[in-house]
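Given as structure tokens, the chain that follows is alone and in the form predicted on its own.
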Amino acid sequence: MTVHRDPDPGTAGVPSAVITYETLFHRTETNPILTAADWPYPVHTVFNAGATLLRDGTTLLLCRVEDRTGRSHLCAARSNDGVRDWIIDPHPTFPADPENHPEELWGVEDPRITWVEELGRYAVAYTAFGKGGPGVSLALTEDFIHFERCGLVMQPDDKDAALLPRRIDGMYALVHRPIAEGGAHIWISYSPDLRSWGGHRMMLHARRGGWWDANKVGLSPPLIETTHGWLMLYHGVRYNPAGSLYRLGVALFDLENPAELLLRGDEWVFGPEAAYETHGDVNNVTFPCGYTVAPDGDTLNLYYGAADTCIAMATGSIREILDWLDRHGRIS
């Protein structure tokens, strides 16, 4: 719980009210945990990392790395405790392949990782940036060394995608964020084979007016399956005269019908405050693409890009987030 005391304007210096809000995510003291200075080869910035726990308990981050051309590739970093002593691949783990995949001409960005038990492989959904704009591509891997590219599965402009870990009514399900005349909203689509997609339905709309998520919304890390439903952490963007603000909100969806919204919080729950989040290549950005869950099944380790410049980490409790949604959420 964070407490702010506001002085009564009529009684200078005398606090008359206590305003409280709940802190659901707590920054790691060693933030930022990864920067360009940690890389074993020359890079400009590292940010927006997908995350997973490998079977040996190692945390793997698949980091978006921007070089001095301005284009991005993906590089793996591994840590025993998920916070320090990172071992970083000496070369790009997943470079763009424009010769075979022209949709990757200008780089690959913002991976989200899902372990798919049925396939026995990790599914990496990422943004492929080509002449037509950003689109959603998929790749499958067992070891983050060898990858099977499935190619472009959602045409531009589309991004912020992650696969669900299991089928819904016999179909694979992909959450993504297309941009069309109707705005920038979060959708879900279905496929029998990870290649052909249909059954598109909107999951969460960007609100209008003065809301913190009024201009566009997008999936942050992959959905979290809980007994209460699919828990979504999503980013909302609000434009102001100084630029854009990227902050994090939460929503809950039905387990067997993920397009059905159960609860949505009105307030953001995490946003740029620390200097490494407010100042960088893109100011005022907290942008999670990955998380891991501790052995207790509740502690959430959230990995996020800060100001498009570095990678930071915050911890939270799935139980506390669901409780907050029960008290503060509504269908909206």
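When you see a residue number, it is the position in the sequence shown, counting from 1. Note that the structure is a prediction, hence the values are computed from the model and not measured.
Separately, the form predicted in complex with a small molecule exists; it is not shown, and the next lines address it.
Is the gap between F270 and the small molecule in the model of the complex 4.5 Å or less for some heavy atom pair? Because no heavy atom of F270 falls inside 4.5 Å of the small molecule in the model of the complex, the answer is no.
The small molecule contact at W39 in the model of the complex, heavy atom, 4.5 Å: Looking in the model of the complex, residue contacts with the small molecule do not include W39, since no heavy atom lies within 4.5 Å.
In the model of the complex, is there a heavy atom of the small molecule that lies within 4.5 Å of any heavy atom of V282, even though the partner is absent here? Yes.
Using the partner position in the model of the complex, report whether R247 sits within 4.5 Å of the small molecule, counting heavy atoms only. Output for R247 is no: heavy atoms all beyond 4.5 Å of the small molecule.
The unique member of D158, E103, D213, D110 whose heavy atoms fall within 4.5 Å of the small molecule in the model of the complex: Going through each option in turn, the one that passes is D110.
Just one of 31 to 39, 282 to 290, 52 to 60, 295 to 303 has heavy atoms within 4.5 Å of the small molecule in the model of the complex; which? In the other structure, the partner sits against 282 to 290.
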